[in-house]
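Consider the single chain below, provided in structure tokens and representing the form predicted on its own.
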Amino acid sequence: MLRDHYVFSNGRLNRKHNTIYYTDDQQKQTPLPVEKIRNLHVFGEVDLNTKLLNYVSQFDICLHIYNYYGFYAGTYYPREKTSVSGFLIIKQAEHYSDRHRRVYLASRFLEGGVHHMLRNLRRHKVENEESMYLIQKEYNKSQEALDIQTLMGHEGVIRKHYYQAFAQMLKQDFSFERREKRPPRDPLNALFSFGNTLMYRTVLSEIYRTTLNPTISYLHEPSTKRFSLSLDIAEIFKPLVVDQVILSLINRKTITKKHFDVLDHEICFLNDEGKKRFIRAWEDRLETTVKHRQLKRNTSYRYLVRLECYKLIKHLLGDDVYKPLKAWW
């Protein structure tokens, strides 16, 4: 079974005898089973060369790089072999350029996200009843939006209500005033930032394995230097995957305040042990399976992301109308 592999320590990655070796600071070599790797995530300071990049390309492995604080820096992904389609890129651009078609897709991404936010809050319905009402009310108003700017305004209000209610479901004292991304200034914001970064990379890795172009998006504005389609699709999955992992880690005390460091009294981030604990829970969550109602077989959360990409492709090609995933289990 393919799985993601994470490198936290400093060292070197190289190809040797038709496999990948990781060599640490003490020159100890560890072979990595290249045929079982889906993505490589590098958090430590690691040297590598083009020989390695050529090799991982043969196995369709994406290489994601993060800085010391766990923030995403960039991705090396194999040259497209069969996963390119000029026809689909044109269709993606047409749906972006047409205001009505763009707003429709953007609204569906928001719809999926709101469904999973309410699903999370429903588990503590008594405490969150008012927040759920306010979120639903704001979402209903968003369905009348005729442009992206208005829709994003509603999305911001929904997120504000959601985060306030989310903090009340935590069993540890994690103070939280508002969502702060750049930089995160408290442990809960650091967890959201780290988890969302992993979510964006997971979505991006699945987009790379389809014919979608990751730079053409609908809810988030396309721009230079970012793969905004991964932000769109991640809206559906963040409450379903990231927020559930955070709730579990905090309420089971798998992660406590000792798993965070603060830089210059401003930037809060997970330390190495905190990252490892988060990623273990993250991988478990992504490999969790549910019985798919159409496919009639067990399907992992990770593959649900890929299926969302396929559904979007069908919509863009006019084969089906896109409807976002809404967890039924």
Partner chain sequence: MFIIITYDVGEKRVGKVCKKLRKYLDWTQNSVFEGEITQGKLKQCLAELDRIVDYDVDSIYLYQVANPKNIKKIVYGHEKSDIDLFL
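Numbering follows the first chain given and starts at 1. The model shown is predicted, which means the values in this text are computed figures rather than measured ones.
FYI, the form predicted together with the partner chain isn't displayed, but the following is about it.
K.L.:
Report yes if any heavy atom of Tyr310 sits within 4.5 Å of a heavy atom of the partner chain in the predicted complex; otherwise report no.
P.N.:
Judged by the heavy-atom cut-off of 4.5 Å, Tyr310 is well away from the partner chain in the predicted complex.
K.L.:
Is there any non-hydrogen atom of Tyr55 lying within 4.5 Å of the partner chain in the predicted complex?
P.N.:
It does: once the partner chain is placed as it appears in the predicted complex, Tyr55 has a heavy atom within 4.5 Å of it.
K.L.:
Find out whether any non-hydrogen atom of Glu283 is located within 4.5 angstroms of the partner chain in the predicted complex, and reply yes or no.
P.N.:
Although the partner chain is absent here, Glu283 would touch it in the predicted complex, with heavy atoms inside 4.5 Å.
K.L.:
State yes or no: in the predicted complex, is some non-hydrogen atom of His292 no more than 4.5 angstroms from a non-hydrogen atom of the partner chain?
P.N.:
Close contact is absent here: in the predicted complex, His292 is far from the partner chain, nothing within 4.5 Å, heavy atoms only.
K.L.:
By the heavy atom within 4.5 Å rule, which residue out of Arg297, His265, Lys51, Lys36 makes contact with the partner chain in the predicted complex?
P.N.:
The residue from Arg297, His265, Lys51, Lys36 that makes the contact is Lys36.
K.L.:
Could you list the residues in 1-16 that come within 4.5 Å of the partner chain in the predicted complex, counting only heavy atoms and keeping sequence order?
P.N.:
Going through 1-16 in order - heavy atoms within 4.5 Å of the partner chain in the predicted complex - the hits are Met1, Leu2, Arg3, Asp4, His5, Tyr6, Val7, Phe8, Ser9.
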